[in-house]
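For reference, the chain that follows is the form predicted alone, supplied as structure tokens.
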């Protein structure tokens, strides 16, 4: 009998992993475990961490960034990135505040502020999709552009908004602050779209292999352009919400928010190179970031040290996510 005949004709397929093992190695599981540990550690720092009302109130300080991070997750899964939403928030809010101060009716000023966000999303989309420029370079440029325009409009002073417009974070829906309700509702809606529709599967396919997606008949350019538009309009909504929460607007509104938005997406398991990630992961990561940030404030950690911690979390989350996905591909 020859050596060729002694070898099996077909190799046995590797056995499927148990479902519990698959769930255990998902990035969302890591985020959930960290969230539980964060709440436990926060409870040791202050008993208020065990009060749901305190946590909900703390979340309103980060709700606008969390809302934008949900949409940014879809952009990253699609293989692109947008670093300009925080500057978009500032410019939209400055346009709104300047117009209402000039005597424009509030509803009209709000609509123009939202339209400006749509324009900013269009600019990003045209340069990335139309001119085929790298999204990270484009949005770093527009980040600076939008922030500079906001400073030109508002100057170095704050622009007050009417008293009746202040307090979006004090509006309660079933005992939950309105910004938190909006965040939860948006997370559910986008989670269904991304995980349960053809459109969502197409976003994953584009992020995994855009060339193959185009050959499969997926209109990748149109979908990506739509995602940039969605980020633009949602960022402008978040900017006007922030104006209502703070009661005034400055050009530096949301400064540094890019880090927190990207951190929420990365910490939730979104793959920086696209094709992988979930809305659930970003949802959990947003709560984790609130717990960590609030815990550092309670512990009187210096702002500079807080930035170091957030930056370190971002690096660790990227490394951990890359390691988990590389293991699951074996």
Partner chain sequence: MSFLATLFRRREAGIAVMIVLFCLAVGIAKPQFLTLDQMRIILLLTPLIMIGAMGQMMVIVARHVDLSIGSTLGVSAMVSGMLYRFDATWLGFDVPWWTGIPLSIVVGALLGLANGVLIQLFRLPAIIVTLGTLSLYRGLTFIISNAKQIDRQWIPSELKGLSQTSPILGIPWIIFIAFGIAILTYVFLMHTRLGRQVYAIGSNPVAAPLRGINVTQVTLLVFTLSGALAGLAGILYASRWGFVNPSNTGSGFEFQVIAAVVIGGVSINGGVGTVLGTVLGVLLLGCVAAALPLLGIPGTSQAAIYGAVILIALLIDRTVRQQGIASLRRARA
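These numbers were taken from a predicted model, which means no experiment stands behind them. Residue numbers count along the first chain shown, from 1.
Keep in mind that the form predicted together with the partner chain is missing from the display, and what follows is about it.
Proximity of residue 63 to the partner chain in the predicted bound form falls outside the 4.5 Å heavy atom cutoff. Interface residue remark: residue 118 is not counted as part of the site for the partner chain in the predicted bound form, having no heavy atom within 4.5 Å. The partner chain is not shown here, but in the predicted bound form it comes within 4.5 Å of a heavy atom of residue 262. Among heavy atoms of residue 167, none comes within 4.5 Å of the partner chain in the predicted bound form.
For the residues 106, 188, 171, 136, the 4.5 Å heavy atom test against the partner chain in the predicted bound form is passed only by 136. Residue-level contacts in the predicted bound form: of 197, 151, 101, 248, one residue has a heavy atom within 4.5 Å of the partner chain, and it is 151. Of the candidate stretches 28-36, 291-299, 41-49, 265-273, only 265-273 contains residues with a heavy atom within 4.5 Å of the partner chain in the predicted bound form. Taken together, 131, 144 and 311 are fully in contact with the partner chain in the predicted bound form: each brings a heavy atom within 4.5 Å. The partner is not shown here, and in the predicted bound form the stretch 219-241 never reaches within 4.5 angstroms of the partner chain through any heavy atom.
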